[in-house]
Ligand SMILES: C[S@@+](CC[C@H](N)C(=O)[O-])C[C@H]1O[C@@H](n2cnc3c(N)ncnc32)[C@H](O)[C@@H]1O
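Presented as structure tokens, the chain that follows is alone, the form predicted on its own.
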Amino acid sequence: MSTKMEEKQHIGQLFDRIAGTYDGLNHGLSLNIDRLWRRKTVALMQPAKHVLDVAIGTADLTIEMFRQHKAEQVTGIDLSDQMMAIGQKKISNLQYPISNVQFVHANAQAMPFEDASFDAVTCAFGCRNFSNLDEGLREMYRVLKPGGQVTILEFSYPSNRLVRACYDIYFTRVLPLIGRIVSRDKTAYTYLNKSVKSFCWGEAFVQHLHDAGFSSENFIPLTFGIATIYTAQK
């Protein structure tokens, strides 16, 4: 098994280790642009009664769904119990009450839900961590109701040469160093960098959505292509 595959097999443990510093590092290292990305992602969602948030993590996307009134109920799955624990705490500390969120420890490639269980499916920064992207997308398709929408936010790789050069320096040198110092984890942010650069994006990711059965696929690059929003229908 390759090193990359071994890392993805233990992805829950990796995020458990950095859960306590994850939010602070994400917001700080992105200059809070990640918050804007999530707002734009949720703005593209169709309002839905019951949403499945894949790789819910610390629940930032779920909280944004309720803030924009795009979901009445959310079930979130993740392999990191520590990340979900922080998400639960964040939701309980909100000024406005949210009671209809369920956290489930589950693998996105083998979800414990019946076919056509959800009106919408979302995933923010989780797809590149699947050990098999196609299996994960097929599971999203399976649990989504006919006519439902999938909305995915994921890192991508800038096409502009100057932006890409700056991106490479930041993701290869700056981010792993700061991440290692703050999180005190020697491997987590090195893995995050590698997982972004080795992942597909744009038309290539859209093709994976199409192969999983989705239709009406679309993608919108954000911030010079550093991240991309994908939408599709069942």
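In this text the structure is predicted, and so the values were computed from the model without any measurement. Heads up: residue numbers just count along the shown sequence, starting at 1.
Not pictured, yet referred to below: the form predicted together with this ligand.
In summary, among the residues 150, 79, 143, 71, the only one with a non-hydrogen atom within 4.5 Å of this ligand in the predicted bound form is 79. Of the candidate stretches 94-102, 112-120, 160-168, 129-137, only 129-137 contains residues with a heavy atom within 4.5 Å of this ligand in the predicted bound form. A residue is said to contact a partner when one of its heavy atoms sits within 4.5 Å of a partner heavy atom; residue 42 fails this definition for this ligand in the predicted bound form, lying far away.
Among residues of the shown chain, residue 48 is not one whose heavy atoms approach this ligand to within 4.5 Å in the predicted bound form.
Contact between residue 86 and this ligand in the predicted bound form is not found at the 4.5 Å heavy atom cutoff. At least one heavy atom of residue 56 is located within 4.5 Å of this ligand in the predicted bound form. Along 103-118, residues 106, 107, 108, 109 each place a heavy atom within 4.5 Å of this ligand in the predicted bound form.
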